[in-house]
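We begin with a single chain expressed as structure tokens, specifically the form predicted alone.
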Amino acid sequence: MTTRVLTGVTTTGTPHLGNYVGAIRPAIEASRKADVDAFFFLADYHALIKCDDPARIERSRIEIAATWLAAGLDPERVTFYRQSDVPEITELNWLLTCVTAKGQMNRAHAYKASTDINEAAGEDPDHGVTMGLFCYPILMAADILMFNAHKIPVGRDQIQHIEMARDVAARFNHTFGQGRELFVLPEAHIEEHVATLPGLDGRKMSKSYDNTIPLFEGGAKAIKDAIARIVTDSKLPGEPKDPDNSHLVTIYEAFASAGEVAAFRAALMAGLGWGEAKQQLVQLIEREIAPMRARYEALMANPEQIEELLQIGAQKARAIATPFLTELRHAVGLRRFNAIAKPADHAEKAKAALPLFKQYREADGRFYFKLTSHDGRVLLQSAAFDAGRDAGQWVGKLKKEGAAALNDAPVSLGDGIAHADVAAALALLAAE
């Protein structure tokens, strides 16, 4: 069974070495598993909640995209896109907003933290709180539910948002599903063993502490200069060091093999000086990062290459999102007028107005089917089949599964017919 995994990155900063070890590297490794269908997106709408500097958001989007690609993310294997390039997400956001209780949003951690700070300062609880911040968990739910992701890798501080997404999905299913599970209920996936790198001062590496080691920014010199500032004890060369109480060793372990770690720890206990130890750490990190930095710099110098990959990713994402949103629109009642229920005494007339599958045999002796609208337009035309039962099986599959079966079906769209038109027609047949 394939598991769909979705990861989003808010585009408000520049990735550092801690981001690479703690999130980027393990996510890319996981995306290479045969049983994983991975979705990676730049959460640029989320960035607007935190940042009102257009230049910073623009720069962050390209830096983060280039970082993931340089680190080995394969856009042919995964679906890699910008949130803002998939408009179906924001429409789904509104559909979900309409079934989400305000009381549930009142309990969201980010909103509660803001109101607590305001109250402690003697301000109105909602001072400075935007609707973007207040409704942030609903947009996150839309990101997840749009693609019916099964697992969402998150830190423990984000578990509440996944639980909210489950609650909203369950409420929507109950209200509009008519016995169908329109949304998969997602699960938070916590990586218990992912490394958390310490910063220069031993605390968690974070821009808020100004203790980070850059990933690509500033090149090899920036990494060397940052590592030179790592805080160590005052023991001199020749004096034994305690590897278990050195965050420099923790960083070394994130990049070294088991044998290299054992040798490094033994050398420290034998008196290796901190200056030499830091130089060895620089060389170790450069071994892994330098080839990526070359790819990163090439991408940053040619942003149109990144843009092309993101547009391809958006097309892949929308191939899923567009028909699914058509189905959701139909579920909530946003249907074409020819789908409005007719009175009982007009049942035959209403039936005649529905789309119709027709199976037939051509002069070549092969079997075909087509889907026509109520006014006779050809919506779908099948390829040729050697046996009538094969054509019939595909008709049955399209009637049962609707737009979800279109990607694999041996069919072509009629002239001037959009994918959404066919999806809507299939949804009408499924509703009968």
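Counting begins at 1, following the sequence as shown. Fair warning: this is a prediction, and the values are worked out from it, not measured in the lab.
Below, we turn to the form predicted together with ligand TRP, even though it does not appear here.
Chemist: Ligand TRP in the predicted complex: within 4.5 Å of a heavy atom of each of A43, M140 and D143?
Modeler: Yes, because A43, M140 and D143 each have a heavy atom that approaches ligand TRP to within 4.5 Å in the predicted complex.
Chemist: Can you say which of 404 to 412, 7 to 15, 21 to 29, 417 to 425 gets within 4.5 Å of ligand TRP in the predicted complex, counting heavy atoms only?
Modeler: Flagged stretch: 7 to 15.
Chemist: Among I152, L92, A277, V86, which has any heavy atom within 4.5 Å of ligand TRP in the predicted complex?
Modeler: Residue within 4.5 Å of the partner: I152.
Chemist: Heavy atom within 4.5 Å of ligand TRP in the predicted complex: which of S114, N211, Q158, T100?
Modeler: Exactly one residue meets the criterion: Q158.
Chemist: Given that ligand TRP is not shown alongside this chain, does R389 nevertheless sit within 4.5 Å of it in the predicted complex, heavy atom to heavy atom?
Modeler: Although ligand TRP is absent here, R389 would stay clear of it in the predicted complex, with no heavy atoms inside 4.5 Å.
Chemist: Tell me, yes or no, whether Y136 is in contact with ligand TRP in the predicted complex, where a contact means a heavy atom of each within 4.5 Å.
Modeler: Contact with ligand TRP, yes.
Chemist: Does the 4.5 Å heavy atom contact test between K50 and ligand TRP in the predicted complex come out positive?
Modeler: Yes, K50 lies within 4.5 Å of ligand TRP in the predicted complex.
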